[in-house]
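The form predicted alone is given below as one chain in structure tokens.
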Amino acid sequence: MSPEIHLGAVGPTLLVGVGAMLVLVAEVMLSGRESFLGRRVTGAWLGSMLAVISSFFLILALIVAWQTFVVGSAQVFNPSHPMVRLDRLASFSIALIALGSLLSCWLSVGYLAELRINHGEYYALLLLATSGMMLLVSATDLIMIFLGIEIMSIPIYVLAGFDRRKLRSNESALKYFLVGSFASALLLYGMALLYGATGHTDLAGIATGFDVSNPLAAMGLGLVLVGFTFKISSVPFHQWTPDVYEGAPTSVTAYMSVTVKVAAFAALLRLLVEAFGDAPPALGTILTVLAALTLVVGNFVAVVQDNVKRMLAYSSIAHAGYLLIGFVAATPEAYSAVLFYLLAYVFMNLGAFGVIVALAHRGQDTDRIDDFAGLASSRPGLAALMTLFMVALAGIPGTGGFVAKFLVFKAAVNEGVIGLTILGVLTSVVSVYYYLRLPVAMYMREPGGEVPRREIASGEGIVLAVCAVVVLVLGLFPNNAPIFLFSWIRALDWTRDSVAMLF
């Protein structure tokens, strides 16, 4: 008897995977032609067409995921062996990943042309990595979790070294690959130990067979946690982050900084709740230590950075610490706050990197703090946008960043996680210093060196506008905005509905 298969459970993943294949075919078919439909086939035109194809499939995946979220019913790929489930948590995460990938795709068109690395495999790799993320957040079995992580990671290793002419880009790819392979090995070993201790690879089976007094099970959980802490850039498994963020092309850094974090945290949330919901207090202690170290190292090391991409890398590490506070609280309210934080973070961080992308000039990134000196006089619009994103990342009221931090801290206090919350507030004060270094340089220092390019690609403009609007809307009206145009945005309700099915 053939198994009952529901392709809808992997619909978004399949759409994005098919899109990656079509991008490769389209490049082969179009790159050998001199003209197509009356248009001369240039490198810039070909890159734009491939970006359009990629955007089409990402939009389709976004629509399918959102429609599934609205309906609210869960679909299992193979009910007799449930390894992939498209429920509200997966649908919300997939929609957020698709949206982050879509904006990253638009951000890349002008940037790749500016740096003269406009190769078609870029978009195929981006779509393949996105399909892995979508599989990861909908996986309910250790085998599919590992498969999703590898499908996500391998294309990103390549993307990190996509600017093959630059030694720094090659170095970042090699570091990411070596450290990532080591983390994947630890993760796989942990999964094998959990299977040996429980006899199951599915999360529900692990929950019934997990015994904390069994050293095999405890070690397996620890190694799996190590694998995930690498993906979320948590201390002490964060060493790769600043080098990779700095060396990779900025459009790649923007993409991986938001989508990988969403995928890893969403998968970790499902894993901890569904497989280790009754885990021992020791797990909470470990998460508390990880969160505290991540907050301190991320924020204090960011203070001394002169490169904006490295500063944002340590900022990303610090934000992983704030998100881990929600995991320490481990309540539906806290997990809802984590998802809202991820939603706001996508637009705050993508916007900040979007400004760096828009300033790329003559094949070089404008990524040092000194390069931003006097930007308010030469590019006032970009200076204002960068200030908004820095303020949001710092958690200043009126922005989505403030609401996100407030919700996490509130959930932690309600659960009695007082010490860690105080540390989070204090390190947030520290973060204000390094985030405001950029506005100070842009508005209070004289321009120095070469003036960055004045024109801005249409894709970059759309991305920056969308990010700015969403950051402000989430900060002022996180749920049910009174403005008609944004009245459909009910971010708090969406995140609560996403985690409700886990409890």
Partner chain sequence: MGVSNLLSWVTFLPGLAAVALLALHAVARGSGGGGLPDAAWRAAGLGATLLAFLGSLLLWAGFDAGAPGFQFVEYAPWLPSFGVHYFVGIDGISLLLVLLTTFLMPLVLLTSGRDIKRSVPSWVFFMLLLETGMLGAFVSLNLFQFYVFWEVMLIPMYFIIGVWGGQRRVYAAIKFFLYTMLGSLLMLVAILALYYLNSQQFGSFTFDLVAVPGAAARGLLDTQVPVSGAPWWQTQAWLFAAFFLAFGIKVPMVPFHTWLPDAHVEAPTAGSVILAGVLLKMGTYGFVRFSLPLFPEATVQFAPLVFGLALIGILYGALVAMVQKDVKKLVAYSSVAHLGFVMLGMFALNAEGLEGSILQMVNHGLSTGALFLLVGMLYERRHTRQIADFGGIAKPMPVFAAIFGIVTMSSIGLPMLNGFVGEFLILVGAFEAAPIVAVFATLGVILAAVYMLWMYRRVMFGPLDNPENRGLIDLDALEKGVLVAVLIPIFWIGVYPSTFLRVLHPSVKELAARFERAEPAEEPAQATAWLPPLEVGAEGPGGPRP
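These numbers were taken from a predicted model, which means no experiment stands behind them. Residue numbers count along the first chain shown, from 1.
Just so you know, the form predicted together with the partner chain exists too; it's not on screen, but the next bit is about it.
Although the partner is absent from the chain shown here, none of V25, Q67 and M83 has a heavy atom within 4.5 Å of the partner chain in the predicted complex.
The partner chain is not drawn, but in the predicted complex it has no heavy atom within 4.5 Å of A113. Among residues of the shown chain, V425 is one whose heavy atoms approach the partner chain to within 4.5 Å in the predicted complex.
Among residues of the shown chain, V429 is one whose heavy atoms approach the partner chain to within 4.5 Å in the predicted complex.
Proximity of Y433 to the partner chain in the predicted complex falls within the 4.5 Å heavy atom cutoff. Taking a 4.5 Å heavy atom cutoff to the partner chain in the predicted complex, the contact residue among A207, I396, V212, I143 is I396. This chain lacks the partner; the member of T229, T421, N118, T198 within 4.5 angstroms of the partner chain in the predicted complex by a non-hydrogen atom is T421. None of 457-465, 58-66, 435-443, 45-53 except one has non-hydrogen atoms within 4.5 angstroms of the partner chain in the predicted complex; the exception is 435-443.
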